[in-house]
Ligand SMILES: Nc1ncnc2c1ncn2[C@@H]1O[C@H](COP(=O)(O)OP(=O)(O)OP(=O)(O)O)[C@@H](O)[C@H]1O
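Taking the form predicted alone, here's one chain by itself in structure tokens.
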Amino acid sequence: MRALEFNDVSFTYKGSGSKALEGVSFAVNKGEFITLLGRNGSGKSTICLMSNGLIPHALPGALEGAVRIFGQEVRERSVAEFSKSVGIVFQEPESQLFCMSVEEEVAFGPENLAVPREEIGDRVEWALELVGMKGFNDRSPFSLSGGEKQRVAIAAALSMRPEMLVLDEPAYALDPVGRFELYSVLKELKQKHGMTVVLAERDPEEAVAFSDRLLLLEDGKIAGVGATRNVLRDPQKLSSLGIAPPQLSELAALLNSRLPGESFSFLSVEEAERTLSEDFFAQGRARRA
């Protein structure tokens, strides 16, 4: 079963004269990490809001086509029902945090599902440890740094034990330390726990290292989709869509243009160092021979 499926989806917000999405079709497999890329207004947030039923249930408008979440058509289930399988994290963590302590924040969702109290405690500890916030139970969420607040928001979503996590530009307002903390959590969710993740971003610099696929959006339409490495081979296309190409992608493109016959593609600094060391070592050995 696919985690998420859009089939020829178009959507116009109530009161708007233009479509936020038009003819969008794609699917996300269970356990896959897919990153949505595009400038503001490209449709990323609309896709995120559809991925747990907030559209069309909480934000009305004209929806065409079919959206299925774990096989269930989005029109046929409530947001509360989808919340059991999909967790969502927004750009501003403050928009999700409202309890007086971190523990209360993370326990809020399971409590509203009438989960037994002992299990709630287990879920809280599991989620906080997973995001690196163990021991912060009694802290006020509002006394934390931006990165810590975002990790608490993720923990609150994870305490519902969702099968899929959807994040709408969660690193937008974070400093470099906060971004590192956030992406470390997402990397662990992907690599150690096999969670399905849908991430919307404008800057793909950190996310590309563990994204299985990239989906490019422009004016509510899909402008490209493919395996991360393949999409990154064309940094000029990313720039034309208002997406800042990762520096490693630009480096690979530069090397390919200067070294005929080469086809470099880097997803991490470690990979670039290893590949270039091996390549130049091989060239040096060939010259000596």
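Each residue number is its position in the shown sequence, starting from 1. Note that the structure is a prediction, hence the values are computed from the model and not measured.
Keep in mind that the form predicted together with this ligand is not shown, yet the notes after this line are about it.
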| item | value |
| --- | --- |
| Contact segment among 66 to 74, 225 to 233, 37 to 45, 244 to 252, judged by heavy atoms lying within 4.5 Å of this ligand in the predicted bound form | 37 to 45 |
| Listed residue that, although this ligand is not shown, lies within 4.5 Å of it in the predicted bound form (heavy atoms), from S184, Q96, S85, Q91 | Q91 |
| Of R139, R213, R202, R161, the one that lies within 4.5 Å of this ligand in the predicted bound form (heavy atoms) | R202 |
| Partner contact for E206 in the predicted bound form: this ligand, 4.5 angstroms, heavy atom | no |
| Exercise: S25 in contact with this ligand in the predicted bound form, heavy atom 4.5 Å | no |
| Close approach of E148 to this ligand in the predicted bound form, 4.5 Å, heavy atom | no |
| Touches this ligand in the predicted bound form: A20 (any heavy atom, 4.5 Å) | yes |
| Heavy atom contacts to this ligand in the predicted bound form at 4.5 Å, residues of 12 to 30 in sequence order | Y13, S16, A20 |
